[in-house]
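Below you'll find only one chain, the form predicted on its own, shown as structure tokens.
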């Protein structure tokens, strides 16, 4: 059997997956790039070059959208990393109910994002919501969580963290359980305590889990839309507008080519931030 025939024989097993990937991912992506250069009405299109991109960059709320998108991604990513790590350490400890608690922590991840958004919108109502009425029992006047432009974005970010920290915790649990027991035994012989175990073993050796959580949470934050739209629809004013919500508003207005150009810009924005971050984090990993 010649080398060429062996190579063809090997590649034919990859062909079905390659066809599925091409049809589901490559073709829609290329079509998006094409329609971003057109005036598109779903049934017809006219090629207009880069005019959609110049129009998109003239959007008055775009600078706020970029700033809010970056802040939202950094805040949610940071809190998911810290919360996931601490919960992961706690749920890999010697506690009897850890299996039950793992289910409880992971449960919000399974709930519909829209349902979570609607529920928390009701809970955060300034006068009738559960949160402020509870605070009022202790004599504390709660803020207008979603109506105050200074805290509205942070309020939505907190709900995002509540929903997503369970997924980060599961990744950390897998990472912590993969650390060999030899490290803990060596630390015990040297007389190290709980803090040494956490800081000198768990934190550095669970770096692959940390990197995975950072990348997934950061991408999710940059592309976040459904929770923000369900809770505030970008308001009050433009206080919680992100790039994805701006794109959706243009889609609602029937500007399909323009909204597609916005999606291309969002794709490039995410790629420019995530690829260098991913390369930097991968260089910092250590072998177990």
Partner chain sequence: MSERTKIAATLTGVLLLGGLLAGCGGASDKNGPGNTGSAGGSQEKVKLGLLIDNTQDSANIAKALTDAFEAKYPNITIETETRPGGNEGDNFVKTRLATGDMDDVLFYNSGAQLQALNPDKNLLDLTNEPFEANVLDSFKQTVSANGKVYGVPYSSSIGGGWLYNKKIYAKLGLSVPKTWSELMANNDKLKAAGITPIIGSYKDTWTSQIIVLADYYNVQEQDPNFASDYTANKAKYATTPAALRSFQKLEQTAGYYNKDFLATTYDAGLKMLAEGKGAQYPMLTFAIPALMQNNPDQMNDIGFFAQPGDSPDKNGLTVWMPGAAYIYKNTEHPEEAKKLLSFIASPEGMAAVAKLSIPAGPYVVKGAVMPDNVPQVVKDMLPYFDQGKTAPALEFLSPLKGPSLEQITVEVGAGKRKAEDAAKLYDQDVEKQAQQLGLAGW
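Positions refer to the first chain, counted from 1. In this text, all values refer to a predicted model and were calculated from it rather than measured experimentally.
Another form, the form predicted in complex with its partner chain, is not on view; read the next lines as being about it.
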Close approach of residue 69 to its partner chain in the predicted complex, 4.5 Å, heavy atom
no
Please determine whether residue 108 contacts its partner chain in the predicted complex, using a 4.5 Å cut-off between heavy atoms.
no
Looking at the partner-bound form in the predicted complex, is residue 125 within 4.5 Å of its partner chain by any heavy atom?
yes
Is residue 225 close enough to its partner chain in the predicted complex to count, meaning some heavy atom within 4.5 Å?
no
All of 172, 192 and 200 within 4.5 Å of its partner chain in the predicted complex, heavy atom check:
no
Could you tell me which of 69-77, 93-101, 146-154, 172-180 sits within 4.5 Å of its partner chain in the predicted complex, going by non-hydrogen atoms?
146-154
At 4.5 Å, heavy atom to heavy atom, what parts of 236-257 sit next to its partner chain in the predicted complex? List them in sequence order, or say none.
236, 237, 238, 249, 250, 251, 252, 253, 254, 255, 256
